[in-house]
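Here's a solo chain for you in structure tokens, the form predicted alone.
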Amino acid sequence: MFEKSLADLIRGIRANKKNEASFIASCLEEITTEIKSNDIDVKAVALQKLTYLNMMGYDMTWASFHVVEVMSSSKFQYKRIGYLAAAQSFNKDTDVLMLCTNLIKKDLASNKMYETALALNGLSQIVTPDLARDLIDDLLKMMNHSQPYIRKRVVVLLYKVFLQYPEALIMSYPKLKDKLEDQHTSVVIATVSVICELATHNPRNYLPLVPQLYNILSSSNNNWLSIKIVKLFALLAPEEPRLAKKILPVFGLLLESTSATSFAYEILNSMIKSGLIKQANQSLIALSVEKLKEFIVDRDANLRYLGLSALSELITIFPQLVTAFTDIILERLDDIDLSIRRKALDLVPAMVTKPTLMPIVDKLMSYLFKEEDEWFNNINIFTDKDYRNCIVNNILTICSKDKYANITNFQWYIYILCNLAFVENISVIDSVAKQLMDVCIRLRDTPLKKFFIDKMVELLKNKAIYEKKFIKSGNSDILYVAAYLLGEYRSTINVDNIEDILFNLTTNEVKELSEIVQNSYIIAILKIYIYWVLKSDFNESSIDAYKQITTMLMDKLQLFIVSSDIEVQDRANLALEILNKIYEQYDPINSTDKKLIEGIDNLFKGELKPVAKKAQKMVPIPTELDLDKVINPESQDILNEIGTSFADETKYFWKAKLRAVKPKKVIKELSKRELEEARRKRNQSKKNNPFYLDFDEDTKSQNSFYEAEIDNIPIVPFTYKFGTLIK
């Protein structure tokens, strides 16, 4: 009568937070004693407490037999405790499951509806192949139970039975078909739900049920039941092409008449994912577009997201429909929900055309240049780095689509790319740099390329790009492209501006840039300087400018020589050595010395052209080329003559290693006297070896220090009293 109840246990755990483990250990000892009691009341309460502790992570598999005992109780409240414990602790390897078969059969046949329902619920949690095989006949009989509450539970349980015992599906199929015409709606809903789950594995098996399902869909007023049937038709439609003509008109009527948003969305989603909308007429497609617009502008954020998700799949089927959603998608870019903005951003590339490209890109750029402390719709866009990267990637994607086919003004796009270099809190500057390089290489218009190079000069002169925040974030790495393009297309640079460019390439801020930028700067300095020397007409009055620029470059190259990167040091030393040779040996006034400069300039000549990724595959193989023909027939004979050739070693190395056999040793036969002498030496070495244990009692070592004469050990009597030794 003094046992703890479940409530006492919970209160005790809460009161002993510091000593929870020790408190639970003492409770487990009490439970171990109580659960063995013959009193079913005590046993049930103990099992209830043990089930609660099991939810906290404590093992209760040792009490499996006691669980079965409580399950067999005649009292419903105790039986419920037992079934709960079984559902929580039993698994396919539990030994006492074989004892549950007759117990569950008895409960299934009970006259009390709730006991039967309890057994059905418990069986769904612990069913195994053996239990399913033994109980399938009882379950099939119960499908005709007088109570719809039991019938629907049996139907739902059958799905778990089919997973464990697939053969039961063949036996149950006729019964399931009959339950589609059950008088009670809950039973029909349960049956359709089970068939819908089964159809995900093999939908073709359920095509014979289409007439019944069609009738239910046409006459049902239950939205949940209709949603399940629509999902089921979406699974069956790909298996039977003729089904689309039959069900699409019904889908159209339901979509137009229903006021339930969940049902309307399920119809749209099912038609899109199953591909049924490909066979729809124009009126149904137009109706679907209008419904999607309603979802996207709905006040509920969940419906807006679902509408955008459905639209993203619809435009893969009908790309031309995206034009009807352009304004709505752009509005969703300002949505308060970040996930909706991201979803709308993913749709932007699909709706870009030549007329809409520039407005869309300008709108996206406006999000990137908001101030750090400026909040937009309660969200600080500046701190969301992933979202900002996504915006930049979208700009690059939509502008480079089909090899920049939508761009009508390349000066505008070059301006956009240069501005992206100053976008803070992004990590995709490498993609921007690659696109800058790609655009410049593809440009063939000389005035446009000159405009591009002028922009690169402006980028090089802009002191903002050298700020710590841009160097730390990697934005300054775009200067690698600027320096490379200035060196590669130096012929488009005005000679009068070269001195200023060389000065900007050798400022003190250069040492803060990354190694890849510094390497590009060194080569650009050399290319531009050589071009300047060749194109300048020096005379007695301008010779001082030549010497001043050359000595300035040689001094500034020291910034690169002290770099921690070995490649930067190597390139800087190479450039410095070339400048030294030019300064010592070249006379800018004497035109005959220009051959030295022209020779160095030839190292950098050659137009850089874009090459397609699959260009090599497009090169036809010459008809006269036979790839199977031996090029040099004498090569094999030469290799055979060389005994230790590389070809032989590579061909036979591993096989020779595996097949190598050690030469057999020639064993000399010993005489009888030699054998006895060898045996005597071996025995003597064993006796003298302190680490060899000889178990032969007949042959004992004469000088082994391990042997002891036990009889010769003296015995000394003594007594011990309170720490005093007395002889």
Partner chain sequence: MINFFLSFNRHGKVRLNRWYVPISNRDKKKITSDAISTVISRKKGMCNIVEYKEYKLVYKRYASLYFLAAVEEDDNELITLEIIHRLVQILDEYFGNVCELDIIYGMQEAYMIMDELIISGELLESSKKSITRAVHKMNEKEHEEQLVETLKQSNLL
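Between two forms, the rigid core is defined as the largest C-alpha subset superposing within 1.5 Å. Not measured: the values here are computed from a predicted model. Positions refer to the first chain, counted from 1.
The discussion below concerns the form predicted in complex with its partner chain, not included here.
Distance criterion of 4.5 Å from any heavy atom to its partner chain in the predicted complex singles out R80 from the list R80, K179, K455, R490. When its partner chain is considered in the predicted complex, only one residue from Y546, Y531, F325, Y305 comes within 4.5 Å through any heavy atom, namely Y305. In plain terms, the part of the chain that comes close to its partner chain in the predicted complex, with a heavy atom within 4.5 Å, is 295 to 303 out of 555 to 563, 295 to 303, 348 to 356, 618 to 626. Using a 4.5 angstroms threshold between heavy atoms, Y265 counts as touching its partner chain in the predicted complex. Its partner chain in the predicted complex is not approached by A234, whose heavy atoms all lie more than 4.5 angstroms from it. Taking the partner from the other structure, its partner chain in the predicted complex has no heavy atom within 4.5 Å of any heavy atom of S536. With a 4.5 Å cutoff on heavy atoms, E509 does not count as touching its partner chain in the predicted complex; it lies far away. Using a 4.5 Å cut-off to its partner chain in the predicted complex, each of Q48, N121 and L338 places a heavy atom inside that distance. Applying a 4.5 Å heavy atom cutoff to its partner chain in the predicted complex picks out S74, K75, F76, Q77, R80, I81, L84, A87, Q88, N91 from 65 to 93, in order along the sequence. After superposing the rigid core, the Cα of I498 is displaced by less than 2 Å between this form and the one not shown. Remark: with the core as the superposition reference, the CA shift of V289 between this form and the one not shown stays below 2 Å. Relative to the superposed core, I600 shifts its CA atom by less than 2 Å between this form and the one not shown.
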